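This document opens with one chain alone, in structure tokens, the form predicted on its own.
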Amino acid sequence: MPETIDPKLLEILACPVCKRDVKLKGNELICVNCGRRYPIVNGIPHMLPDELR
């Protein structure tokens, strides 16, 4: 089952690497610019850059 995220939160979230918008797809947020993927776990986006995961 896909995770849900508040639409207002989605409006203000940005990719931590390139600072562009992200879109929700399934259980992930995907950067519209660089394509990085960030999982959503228990409704919380885990938006750490690759080198910090």
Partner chain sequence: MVARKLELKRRYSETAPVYERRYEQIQREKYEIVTGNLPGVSKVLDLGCGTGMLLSELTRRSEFVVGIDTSPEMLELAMERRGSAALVLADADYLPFADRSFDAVISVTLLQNMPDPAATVREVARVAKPEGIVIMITLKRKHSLGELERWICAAGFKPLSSGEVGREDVFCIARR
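Positions refer to the first chain, counted from 1. The structure presented is a predicted model; accordingly, all values stated were derived computationally and were not measured.
Absent from the display: the form predicted together with its partner chain. The rest refers to it.
Visitor: Against its partner chain in the predicted complex, would L9 count as a contact residue? Criterion: heavy atoms within 4.5 Å.
Guide: Yes.
Visitor: Is there a heavy atom of C34 lying 4.5 Å or less from a heavy atom of its partner chain in the predicted complex?
Guide: Because no heavy atom of C34 falls inside 4.5 Å of its partner chain in the predicted complex, the answer is no.
Visitor: When the contact criterion is heavy atoms within 4.5 Å, does K19 count as touching its partner chain in the predicted complex?
Guide: K19: contacts its partner chain in the predicted complex.
Visitor: Looking at the partner-bound form in the predicted complex, is L13 within 4.5 Å of its partner chain by any heavy atom?
Guide: Yes, L13 lies within 4.5 Å of its partner chain in the predicted complex.
Visitor: At 4.5 Å, heavy atom to heavy atom, what parts of 17-52 sit next to its partner chain in the predicted complex? List them in sequence order, or say none.
Guide: Counting only heavy atoms within 4.5 Å of its partner chain in the predicted complex, the contacting residues of 17-52 are K19, N42, I44, P45, H46, M47, L48, P49, E51, L52.
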